[in-house]
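Here we start with a single chain on its own, the form predicted on its own, put down as structure tokens.
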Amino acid sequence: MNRYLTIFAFLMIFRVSLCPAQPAAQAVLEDFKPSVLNQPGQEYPQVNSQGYARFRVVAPNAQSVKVSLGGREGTVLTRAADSSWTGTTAAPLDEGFHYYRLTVDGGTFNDPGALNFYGSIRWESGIEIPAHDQDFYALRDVPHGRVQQVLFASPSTGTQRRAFVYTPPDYDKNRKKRYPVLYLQHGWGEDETAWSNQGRANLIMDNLIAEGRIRPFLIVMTYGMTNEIKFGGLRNFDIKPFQTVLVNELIPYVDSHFRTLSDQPHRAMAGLSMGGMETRMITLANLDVFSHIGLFSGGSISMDDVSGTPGFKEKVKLVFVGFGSRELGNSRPGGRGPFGGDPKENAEALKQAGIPSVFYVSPNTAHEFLTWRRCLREFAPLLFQK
């Protein structure tokens, strides 16, 4: 387990040291529009058709204002005559969702013009750079499912815990119909709101169902108990407390409160980054519970794992592994990247052994939500096929 937590630590370092999408050799077009993630009525931040972002903050008494996205040095804003501070990124940003924060005179703040999203163990400002393929997660004129909050008892932790459950558009129409379930985990620094807020999981599902591409199923999202672990303590992370919450407490709650198909062939687990690591650990230890496995930027499964897990070939219906192309481009010399071996080679080896295995690469993305949105889009149609 420690080896995979070391891998995860590398992924998180990589996540906050992303490079701009392309050099700023082009002239910046003045076709800026408010970000779709702005608070109601707010004009800034703005994005243009090339992917540049422009920020404006009113801070009359400030001496310096900077915008930081990930681990970049940041965009320094310039004071205007009206005491506002304005600046444009030096280069276009990757398509998709980005966390960011303001630094005002050395203090960290959120942008009052933008909506907030839980990431990096705090509520961060968010900005969305329109993607060329954004239609698959867009809010479209199709029947919509419902995301509802549930509270469930957790005797093992002595708490009442929270989960969010997505039910498909037809869930309330046919009271006799039962559904498979996907347990979908967030990454380190995030919580159970991430997949529906940053990830647009419910809209991805709605659109896939409307296109007839998937068998409708429920998605359950809960907190992975990861954020109490600091980087220096990742090697000591123990999956067992969360495994108990998920397998022994949450799954029985969901099966008793929703119309589920409550058997192993109709239950899947997937996760992004640290949630992928959790998925890997929990599913390999509970093959009588889960039949479909999805790792999104969260390692891979090798033939050594198969050999060391009794019943794997007979019980597992699908292994899906996905990464952003820029993550794989960070491979070390010798062809072995930071993911516990070559994930493509692992996937091919599983196929050769007769295990349904899919390897997906999101083009031109890194350790970020557009990668994981695309992974869910590719993973969902493969689940629970008769």
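Residues carry their position along the shown sequence, with the first being 1. None of these values were measured; they are calculated from a predicted model.
Missing here is the form predicted in complex with a further copy of the same chain; even so, the following discussion is about that form.
Self-check item: is_contact(Asp105, a further copy of the same chain) in the predicted complex, heavy atom dist at most 4.5 Å
Solution: Flag for Asp105 set to yes.
Quiz item: Does Gly41 reach a further copy of the same chain in the predicted complex, with heavy atoms at most 4.5 Å apart?
Solution: So Gly41 counts as contacting a further copy of the same chain.
Quiz item: Taking 4.5 angstroms as the cut-off for heavy atoms, does Tyr179 touch a further copy of the same chain in the predicted complex?
Solution: Looking in the predicted complex, residue contacts with a further copy of the same chain do not include Tyr179, since no heavy atom lies within 4.5 Å.
Quiz item: Does any heavy atom of Ile355 come within 4.5 Å of a heavy atom of a further copy of the same chain in the predicted complex?
Solution: Close contact is absent here: in the predicted complex, Ile355 is far from a further copy of the same chain, nothing within 4.5 Å, heavy atoms only.
Quiz item: Among 240 to 248, 270 to 278, 116 to 124, 296 to 304, which stretch has residues whose heavy atoms lie within 4.5 Å of a further copy of the same chain in the predicted complex?
Solution: So the stretch in question is 116 to 124.
Quiz item: Using a 4.5 Å cut on heavy atoms, which of Gly96, Gly74, Pro92, Gly145 is close to a further copy of the same chain in the predicted complex?
Solution: Exactly one residue meets the criterion: Gly145.
Quiz item: Looking at Gly87, Pro216, Pro112, Pro130, which has any heavy atom no more than 4.5 Å from a further copy of the same chain in the predicted complex?
Solution: Contact check passes for Pro112.
Self-check item: Sequence-ordered residues of 158 to 175 touching a further copy of the same chain in the predicted complex, heavy atom within 4.5 Å
Solution: Heavy-atom contacts within 4.5 Å come from Gln160, Asp172, Arg175.
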